[in-house]
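Given next, in structure tokens, is a single chain: the form predicted alone.
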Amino acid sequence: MHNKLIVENLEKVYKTEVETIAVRDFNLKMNSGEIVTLAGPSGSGKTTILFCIASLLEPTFGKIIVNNKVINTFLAEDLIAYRRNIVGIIFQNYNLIEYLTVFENVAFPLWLAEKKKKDVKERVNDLLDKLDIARYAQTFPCFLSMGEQQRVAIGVALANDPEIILADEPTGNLDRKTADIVINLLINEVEESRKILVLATHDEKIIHDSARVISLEKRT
């Protein structure tokens, strides 16, 4: 069986006034239904790795291979399709659109994909029910708690039914009870739909409970 996600010898160097090596020689292989936790302090490269997999950053060296295709060699049109259909990313700061309602935020990726109005309504309502935020469908994000906003962010990431979910510190601003709910939601999605989840965190409980952990150190 071919690995659905392979990260091969990944290196990312930020070149500003001072050259910073954020990630060096990182490797990962995953198949459907698998979860990997990236553990380490701030500055250890967790977010950089996720952003490279999502093609939001271009690797300095190495390959990101998804379904036997090297995505960091894709042309612009193929990259757009990849980001829209294959990966869903849950940003640390939620990255919600403040002037759109909860329903509209989750619908937004589906609108970009030009899905039919009926299909959009059905998909969004299903996700809001699953995430237990249907009652906030017509509410703007600023009126929600951080835990509720995080659930909306998960809905946005899952809207187009991606094969790969990338979660960047999804519990960083949450209390323990809400954090556990959020993590369980993600785990259930992986188990029920055979998705891949790459989770970046410094949450000790999540790290302790994870079956597969890759520990990263802050580069100096």
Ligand SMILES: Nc1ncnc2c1ncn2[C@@H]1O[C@H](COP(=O)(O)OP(=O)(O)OP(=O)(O)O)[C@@H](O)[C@H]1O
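Don't overthink the numbering: it's just position in the shown sequence, from 1. Remember, it's a predicted structure, so these values are computed and weren't measured experimentally.
Omitted from view is the form predicted in complex with this ligand, to which the following refers.
A heavy atom within 4.5 Å of this ligand in the predicted complex is found for exactly one of G45, G155, P59, P170: G45.
Of the stretches 46-54, 177-185, 25-33, 156-164, only 46-54 has residues with a heavy atom within 4.5 Å of this ligand in the predicted complex.
T101 falls outside the set of residues with a heavy atom inside 4.5 Å of this ligand in the predicted complex. Contact check for T20: a heavy atom falls within 4.5 Å of this ligand in the predicted complex. Residue contact with this ligand in the predicted complex: N72 places no heavy atom within 4.5 Å of it. Heavy atoms of every residue among Y14, H202 and K218 are located within 4.5 Å of this ligand in the predicted complex. Contacts with this ligand in the predicted complex, taken as any heavy atom within 4.5 Å, map within 60-92 to Q92 alone.
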